[in-house]
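There is one chain below, alone, in structure tokens, taken in the form predicted alone.
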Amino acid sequence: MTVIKVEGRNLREALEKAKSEFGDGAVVISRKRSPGRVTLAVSEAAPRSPVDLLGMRQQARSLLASKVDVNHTNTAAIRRCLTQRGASPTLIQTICQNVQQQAASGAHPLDLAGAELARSFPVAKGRHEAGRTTLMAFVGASGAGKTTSLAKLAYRLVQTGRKVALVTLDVYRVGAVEQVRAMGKNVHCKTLAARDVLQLRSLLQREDRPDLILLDSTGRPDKDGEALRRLQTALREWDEPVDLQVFLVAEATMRPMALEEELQRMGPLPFAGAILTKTDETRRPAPVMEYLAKKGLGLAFLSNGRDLKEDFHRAGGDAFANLMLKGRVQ
């Protein structure tokens, strides 16, 4: 848990500052008095175990012994925001230290924090080569938002004049094919239900071959991983002008351990990045974002609702800063 230093001219002022940092859940771990000054070591929440308490006391001793105020007023709001988003102590400390180092520039601390956050999370670089078909496969747990994200992306691509086909491998789940066909109709693109990934070759051999094929998987990590590796092998054998790119669709509400298990079940795949969905359903998206960054998976898009036209945003520094500092994509 995060422990920070809070100072005031008296105990009452210091406690008020602690409450403004962490709200009513603030817990004072230790305090120190000096002439005209009271310094508190404050945690965001009560310790959950004796081990937590011991670690928090060690942090408190270190903070109160330090002559350097690591929670300078120009980073107080940043610490509070990042803590609310579930950011790790390491990320919070890194962002705040970098902001303090740039304080002399005169820029607003939140602007500096936004720039630091933009550098903390990689962005997936989309690529499409003229004359070739890009096959974008979305994988992830059932209910993660794969189908909706594909439809949102298809809508945007069609609006730019691209020839798009929406394909689903989820042909056995009740209503899945009908859902994809309805979404394809809404975004004005072709749809195909494929019982096997090898059926995709029929699309690739058409004279009006799509510029992009958006592939929806079944939501069963082991089966989807196996199918995409089979497709990757087939594409090499067919010698078709196709580039396979796999994107992990991850809910902002997920636990990193669940994502790790999911990736292990999928096995090795040519991942090009990730898509973060349901950002409107949690105040703590940081754990998943930090996990994806650690795995080297840049974010391509952020989704914050079900509206096909409005609730889908290209990932980038501004989006990351808004999500981490304001709690919303926009």
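Heads up: residue numbers just count along the shown sequence, starting at 1. The structure displayed is predicted, hence computed values, not measured ones.
The same protein also has a form predicted in complex with a small molecule, omitted here; what follows describes it.
- Query: 306, 314, 9, 19: which sits within 4.5 Å of the small molecule in the model of the complex by any heavy atom?
  - Reply: The residue in contact is 306.
- Query: Pick from 81, 158, 177, 141: which residue has any heavy atom within 4.5 angstroms of the small molecule in the model of the complex?
  - Reply: Checking each option against the small molecule in the model of the complex, the one that comes within 4.5 Å is 141.
- Message: Can you tell me if residue 133 lies within 4.5 angstroms of the small molecule in the model of the complex, counting non-hydrogen atoms only?
- Response: Output for residue 133 is no: heavy atoms all beyond 4.5 Å of the small molecule.
- Message: Considering non-hydrogen atoms and a 4.5 Å limit, does the small molecule approach residue 145 in the model of the complex?
- Response: Yes, residue 145 sits close enough to the small molecule in the model of the complex that at least one of its heavy atoms falls within 4.5 Å.
- Message: Test of understanding: in the model of the complex, would residue 57 fall inside 4.5 Å of the small molecule by heavy atoms?
- Response: No, residue 57 sits far enough from the small molecule in the model of the complex that none of its heavy atoms falls within 4.5 Å.
- Within a 4.5 Å heavy atom cut-off, is residue 31 in contact with the small molecule in the model of the complex? Looking in the model of the complex, residue contacts with the small molecule do not include residue 31, since no heavy atom lies within 4.5 Å.
- Taking 152, 278 and 281 as a possible spot, do all three reach the small molecule in the model of the complex with a heavy atom inside 4.5 Å? Spot residues vs the small molecule: full contact, yes.
- Item | Residue stretch of 40-48, 283-291, 298-306, 262-270 approaching the small molecule in the model of the complex, non-hydrogen atom distance within 4.5 Å | Heavy-atom contact with the partner occurs in 298-306.
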